[in-house]
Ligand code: NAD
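For reference, the chain that follows is the form predicted on its own, supplied as structure tokens.
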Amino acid sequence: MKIAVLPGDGIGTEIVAEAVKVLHALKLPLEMQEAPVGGAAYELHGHPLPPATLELAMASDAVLFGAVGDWKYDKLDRPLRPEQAILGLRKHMGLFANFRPAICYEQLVGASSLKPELIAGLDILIIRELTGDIYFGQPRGRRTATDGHFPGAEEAFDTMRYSKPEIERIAHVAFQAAQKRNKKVTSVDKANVLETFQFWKDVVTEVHAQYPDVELQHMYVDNAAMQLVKAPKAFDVVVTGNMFGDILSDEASMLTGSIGMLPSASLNAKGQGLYEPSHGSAPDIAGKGIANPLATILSAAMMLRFSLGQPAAADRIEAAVQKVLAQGLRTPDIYSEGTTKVGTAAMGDAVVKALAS
């Protein structure tokens, strides 16, 4: 089982190290090879996704990814910015389906900013289409400078587009996921304003006819954003486009108490996947040893389940994380009075110890 390990920038190196530590503790036949990506790769090779890194990712069964980005790269021309690495990996690997579960662990109910009764037992799965939409539309206006900005320009633009096959395949993924859960899909769009999302709504409705056992609800994205805060447990599976999914999944993450707890999986049609925490590189806390590695560790569990055919090992990791939380161990982002504050490495060590027991 070949895993490409791409730590990236900021806290990426710290949190990925803990996930790798946990994977080693399972004593499975895993072959892990590390490569630079993002700003770290730009510093070494002048590009955020060097050919050798892309080649390694393409040849692996799965990619364990940290995070990319740093403010110091904001003035680079956009194709050279660290974030282009993740977009490039999604495009070249065909990673069209992004799974972002938002689960509120019993031990962390008090860490959410919402009332406990609203989020206790929360278990939402957001499925975000990942290779279409405005992020991959026609490029952005005419640049008048080489620093990535537009001084003196009169306009800039991005085009939003989706093809029918792109919408159909993500709709199938959503309905099939719902069949294994509570049989309800909420398709989020902006069909009242955008032609692209009226098309989205029509195609999702067509695909739904093949899944009569699943309830389908359509919801405008602004209402969905409100309902996620008002009544989050009313959702089961949420399927939406690239940009809306990017925004709503981060909103949903805070229902659970911290974005540092949320894993994600991005899969292609072959089951090959890229696994990463839902959060970013957090350069403001990088190197301080206080980042929460649990989202990355849980992403590694998703990797074992979806791409490596090791569901029992995935279950072991998830149980170990719950055990550590039950012991009251908390990184600063989820710390509350009466619990024990620990750093990044100590949290990783605790999960390894819980695995052993």
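The numbering used is simple: start at 1 and walk along the sequence shown. Computed from a prediction, not measured in an experiment: that's the story for all the values here.
The form predicted together with this ligand is left out here; the points below concern that form.
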Quiz prompt | Interface membership of residue 260, this ligand in the model of the complex, 4.5 Å heavy atom rule | solution = yes
Quiz prompt | Proximity of residue 284 to this ligand in the model of the complex, heavy atoms at 4.5 Å | solution = yes
Quiz item: Do residue 279 and this ligand share at least one heavy atom pair within 4.5 Å in the model of the complex?
Solution: yes
Quiz item: Could you tell me if residue 19 has a non-hydrogen atom within 4.5 Å of this ligand in the model of the complex?
Solution: no
Exercise. Would you mind picking out the stretch of 319-327, 60-68, 301-309, 47-55 that comes within 4.5 angstroms of this ligand in the model of the complex, counting non-hydrogen atoms?
Key: 60-68
Practice problem: Could you tell me if all three of 127, 166 and 251 have a heavy atom no more than 4.5 Å from this ligand in the model of the complex? | Solution: no
Quiz prompt | 93, 104, 86, 204 - the one with a heavy atom within 4.5 Å of this ligand in the model of the complex | solution = 86
